[in-house]
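The chain below stands alone and is given in structure tokens; this is the form predicted alone.
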Amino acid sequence: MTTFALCDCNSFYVSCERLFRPDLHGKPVIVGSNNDGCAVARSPEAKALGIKMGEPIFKIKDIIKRYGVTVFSSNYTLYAAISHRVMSTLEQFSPAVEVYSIDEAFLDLSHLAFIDSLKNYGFEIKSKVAKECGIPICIGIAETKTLAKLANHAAKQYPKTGGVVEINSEKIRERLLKCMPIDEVWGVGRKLTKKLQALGITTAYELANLPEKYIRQQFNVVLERTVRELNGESCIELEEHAPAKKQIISSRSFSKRITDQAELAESISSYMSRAAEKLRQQHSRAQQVNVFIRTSPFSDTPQYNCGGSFSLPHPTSDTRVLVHVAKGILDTIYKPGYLYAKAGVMLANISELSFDQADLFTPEIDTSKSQQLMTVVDQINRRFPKALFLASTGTNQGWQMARQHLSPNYMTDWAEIPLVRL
């Protein structure tokens, strides 16, 4: 019988910030999105003040001031470093771990069927992560990944559980499904929730009791698989290695409105450089380049939203080629006189590096020399971040997103290591 554990960090971004600011424990803390626009992580104390997920920070300025809410800008470098430590710790408890997101991981515990209590094993994991990483986590244990997700949700919702819930009997499974709203079921999104609710299905239990044939006819095989998982039949395997992405997108809102094409070109060049790096990390190449620019839909200024694409004769992962193509697209879609708020790039038609469709009439783009050059650039930048970059990305980058409340990179920058005074 399969057994999975879902380990999910509690308010991960906030927990990372509090790790180096112990004075903030028990106090309201929020972390803002890009450009400090919305609250994307909240401490329990901030939630108790009524601050909702995704709420614009400018709308809650009064609450922030009145209750002394501490605000942080998103520090993804710090979160990635701490996430790596958490995942390394979890790997001590299972030979098979699927890193599902920056703050979640599935562990395969099937090999532990002989131990007396998987729940106690869960508490052991929780204690180890807290001691070695300083990050609180909750754990759900069940025979399918979908049930483990629900068990984890229950562990977070009900403090009496101590942060660990195991579904190890039919009675517990039914009880959990009956109290779980349909929108908390893994894989049931907002649209599907509305459709199911219109049919009178409001809990996970009601969904689990629908006939599989009816689900397949009225919805699809994906939801049918979810129903089977809710009934204890394991249909979703552990993915220890994340599949290569079919599309890679890099985009940001600017810290200020941009009118100048040169500044837009800098941002496009910067985003494409990042996208190309991700492309090479997954050992892939792309044949289609897309670029978009737009004004802010929330402003009263004239609106403009446009995108363009270009298909290359051969796939490539060479940053120089991709940036050149992206800037060419920008030339065709840029219009002066608008206040641009956001730009982005997307790489599509992605194929594996080892696959190549030859063409007699056009020369290959990725030669062995260009591949070697990109490899060396990536190696240097991994050791010395941002040491090498194209001049077209600029050095000033005044359009970069605003992060007025950014915490130091305590774990990745010698100059920002915390000081202890005795």
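Values in this document were obtained by computation on a predicted structure and should not be read as measured data. The first residue of the shown sequence is 1; numbering continues from there.
The form predicted in complex with the DNA is left out here; the points below concern that form.
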In the predicted complex, the one of 185, 276, 164, 291 near the DNA [non-hydrogen atom within 4.5 angstroms]: 185
Residue (of 104, 224, 108, 263) lying close to the DNA in the predicted complex, criterion heavy atoms within 4.5 Å: 104
Check all three, 26, 134 and 403, heavy atom within 4.5 Å of the DNA in the predicted complex: no
Stretch in contact in the predicted complex with the DNA, which is absent here, among 241-249, 314-322, 111-119, 329-337 (heavy atoms within 4.5 Å): 241-249
Close approach of residue 100 to the DNA in the predicted complex, 4.5 Å, heavy atom: yes
Interface membership of residue 189, the DNA in the predicted complex, 4.5 Å heavy atom rule: yes
Exercise: residue 257 in contact with the DNA in the predicted complex, heavy atom 4.5 Å: yes
Touches the DNA in the predicted complex: residue 38 (any heavy atom, 4.5 Å): yes
Sequence-ordered list of residues in 324-352 near the DNA in the predicted complex, where near means a heavy atom within 4.5 Å: 342
